[in-house]
Structures are given as structure tokens and as C-alpha cells.
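Below you'll find only one chain, the form predicted alone, shown as C-alpha cells.
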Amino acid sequence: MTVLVVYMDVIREAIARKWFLALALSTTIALAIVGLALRLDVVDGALAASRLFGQILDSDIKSIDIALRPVFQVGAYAVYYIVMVTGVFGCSGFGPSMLAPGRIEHLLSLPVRRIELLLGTYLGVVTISSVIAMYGTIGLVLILGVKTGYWNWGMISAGWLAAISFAPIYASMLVSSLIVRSAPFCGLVGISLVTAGIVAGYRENLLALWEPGIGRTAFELLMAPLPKISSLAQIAGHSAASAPIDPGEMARLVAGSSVFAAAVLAFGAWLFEKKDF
């Protein structure tokens, strides 16, 4: 119950922040621009022509589901990585704000345990990032669906996969704030982990370039536990483009991200209990 109170406090703080209101407004404006600028001439389930800002993009007649696959795939990648970047910068201040001198002493004087503060803050921020991701994804699906009559709900996977991928990223950011109470430092940790996660997704390809030795072994051990950001992005893109995906591979990647987040939060809970304020 206390976790829920902390969770709701984080949600209220996010709503009160002008940055998040600006993000919601900018997302709405971007969707409106796409809706007004993109013109698709659909005849009997086929795309006769497509125009963006009045310029002809394609005049070849294609089946609408085939013609729009690249559009949905690019949109899925855009939503996925935009959620990553905006989530890192937009949410980097929640941890340091909770731990600010004066506020943390007040919170700890209340009947609330440290683990409840940590979990409530974490779940609140992950919820915020999920709402933003789904808002942008569903908005794009609705715009293209209304314009073409073709509803590709597979693209929504980009939204929830982005939220799943951001969960371990923010877990690391939140725990890093226990070490250094600085929003820029948390942002740096987040961007570094996103970059490392992209590299980790291509681990097998990169290992082929290394000669056997200590360097290759160290790289393999370092990349192995990290969430595979780029691999989940590829699954999101394939799902949006109606391409075949491996459910087992997706489940393994989602489970890996979840285990990483849980392990980082467990370490954070231990570290939080050891700190004096």
C-alpha cells in the first residue's frame, strides 16, 4: 500500500513538471503534422500514390499492406529509440529529487521503508515512459489506419517493447542516483547503458571480429548480462512490418531485461539500506 502512495506521488510530480506536458504536446503536434502532411491515395485496397507535403513519394500501385510495411517499420524504430532517449533525459531527475537533502530525511521520518521508496519511484517512472510510448504508437497507428483503412496493430509492439527495454535502463539510473545525487550523472548512466545495450544486441557479430584471447573473453562477459536493446528493436520493427518473429527469442530477450532490472533493483535496495542521511 505504501508503494502505491509513493507511486502516485511520482505520477503527480511528473504531471506537475512542465517538461512532460511539453513532451505530450510535442508528440501531439508531430502526429498532427504527419496526419496533415501525408496523403495516401488508396483505391480498392491498393496504394495508387503517396505524397508528403505535396511531393510525390511513390506512384507505383501496390497492395496497401505491402506498401506500408516500410512505413510501419520505420515508425516502430522511431518510437522505440525516441522513447529510450526522451525517457533517459526526461526521467533522470526523479531519483536525485527523491534523495535531495531535506526531502529524503522527511520521507524516511514517515512510516515508509526504503525499499518501498525505491520501488514506488521506479514503478511510477516506468509507467510514465510506458504511457508516452503507447500514446505515440497508437496515435501513429490511428492516423495511418484512418487514411488507408488498413489497421496494423502489430506496430503497438514497438510501444510496449520500448517500455520493457527502458525498465532496466531506468533501474540502473535510479540506483546510480544513490551513489551520485545528480540528474546529469543519471542521464549519463542511462545513455551509456542504452549505447551498451545496442552493442550487446550485436555481440555475436562483433565477437567474430575479435581474435581469441583475454580481450574477447572480457568483452563477451561484459556484454552477456546487458539488456539487448537493439535485438528488441529489431523484433519491434519486424512485428510492425508483419515479418515473422521468433516468439522464443522475444521471450528470452524480455526475460533477460526483466532479470537485469530485478538484479539492479535488488542491489539498489541493499545499497539504500546501508546509506546514512
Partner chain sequence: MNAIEATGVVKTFAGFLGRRPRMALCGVDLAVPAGMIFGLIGLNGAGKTTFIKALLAVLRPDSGAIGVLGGSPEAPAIRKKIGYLPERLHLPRVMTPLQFLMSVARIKRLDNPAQHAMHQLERVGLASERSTKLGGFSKGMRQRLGMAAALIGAPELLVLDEPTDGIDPLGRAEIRRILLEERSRGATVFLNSHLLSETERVCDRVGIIASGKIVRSGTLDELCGTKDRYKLVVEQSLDTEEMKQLGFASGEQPGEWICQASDGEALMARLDQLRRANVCFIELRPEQKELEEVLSDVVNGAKQ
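This is a predicted model, so every value here is computed, not measured. Positions refer to the first chain, counted from 1.
Just so you know, the form predicted together with the partner chain exists too; it's not on screen, but the next bit is about it.
Looking at 184 to 192, 93 to 101, 158 to 166, 80 to 88, the stretch with residues near the partner chain in the model of the complex, meaning non-hydrogen atoms within 4.5 angstroms, turns out to be 93 to 101. Interface residue remark: Leu108 is counted as part of the site for the partner chain in the model of the complex, having a heavy atom within 4.5 Å.
Shown alone here, Leu142 lies farther than 4.5 Å from the partner chain in the model of the complex, counting heavy atoms only. By the criterion of a heavy atom within 4.5 Å, Val112 is counted among the residues contacting the partner chain in the model of the complex.
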